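Next up: a single chain in structure tokens, the form predicted on its own.
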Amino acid sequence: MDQSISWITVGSVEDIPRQGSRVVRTDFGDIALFRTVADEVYALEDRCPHAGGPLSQGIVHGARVTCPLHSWVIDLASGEAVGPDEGCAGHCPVRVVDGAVQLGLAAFRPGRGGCGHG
């Protein structure tokens, strides 16, 4: 992870249910924090690139989330839609330090129709 990122603590990993999410309100909009069964934590813009559905209300499976509106599947690590769909949810660097979830908001990458960042 980039050492130059300024990290902001936004809560505890225990605040996020396994295979679930929590939403953090930021200047960039709502960021959904996702936790997998393996306790990996990811941070995506809480907006599906297809129709703006709330990804935080989707179903987490493996390292992906399915949008509750039209069943688009989004990769949690990259924010990219899984084929055949195309698009990308914004994503933010996230890390867990001693149980605290930290976001690198200054490095937030907004979503768009084509991901283009990887």
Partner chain sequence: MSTHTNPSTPRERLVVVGNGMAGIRTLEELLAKAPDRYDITVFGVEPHPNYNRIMLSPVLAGEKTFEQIVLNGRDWYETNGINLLTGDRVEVIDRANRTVTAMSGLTVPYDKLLIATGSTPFIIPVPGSTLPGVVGFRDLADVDTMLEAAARGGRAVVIGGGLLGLEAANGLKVKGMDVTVLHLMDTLMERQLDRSAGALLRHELERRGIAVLTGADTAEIVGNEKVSAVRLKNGQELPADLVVMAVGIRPNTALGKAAGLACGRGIQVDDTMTTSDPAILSVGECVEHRGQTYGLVAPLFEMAKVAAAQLAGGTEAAYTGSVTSTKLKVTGVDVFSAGDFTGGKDCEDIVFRDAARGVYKRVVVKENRILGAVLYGDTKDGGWYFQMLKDGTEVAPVRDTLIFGQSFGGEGAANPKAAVAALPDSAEICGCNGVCKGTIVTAITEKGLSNLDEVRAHTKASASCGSCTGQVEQLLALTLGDGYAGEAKAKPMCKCTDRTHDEVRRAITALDLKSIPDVMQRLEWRTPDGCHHCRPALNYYLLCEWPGEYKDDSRSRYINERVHANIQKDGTYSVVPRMWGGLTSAKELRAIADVVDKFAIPTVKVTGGQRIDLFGVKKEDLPAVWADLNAAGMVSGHAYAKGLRTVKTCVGSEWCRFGTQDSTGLGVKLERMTWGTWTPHKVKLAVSGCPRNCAEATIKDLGVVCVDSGYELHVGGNGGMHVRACDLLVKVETEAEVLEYTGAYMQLYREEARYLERTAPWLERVGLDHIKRRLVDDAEGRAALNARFLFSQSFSQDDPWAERASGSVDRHEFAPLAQVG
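Numbering follows the first chain given and starts at 1. The structure presented is a predicted model; accordingly, all values stated were derived computationally and were not measured.
Separately, the form predicted together with its partner chain exists; it is not shown, and the next lines address it.
Student: Is there a heavy atom of Gly58 no more than 4.5 Å from a heavy atom of its partner chain in the model of the complex?
Tutor: Yes, contact at 4.5 Å.
Student: Within a 4.5 Å heavy atom cut-off, is Ile5 in contact with its partner chain in the model of the complex?
Tutor: Heavy-atom contact with its partner chain at 4.5 Å: absent for Ile5.
Student: Does its partner chain get within 4.5 angstroms of any non-hydrogen atom of Arg22 in the model of the complex?
Tutor: Yes, Arg22 is a contact residue.
Student: With a cut-off of 4.5 Å between heavy atoms, is Pro17 one of the residues that contacts its partner chain in the model of the complex?
Tutor: Yes, Pro17 lies within 4.5 Å of its partner chain in the model of the complex.
Student: Determine the residues of 66 to 89 with a heavy atom within 4.5 Å of its partner chain in the model of the complex and present them in sequence order; the list may be empty.
Tutor: Heavy-atom contacts within 4.5 Å come from Thr66, Pro68, Leu69, Ser71, Val73, Ala77, Ser78.
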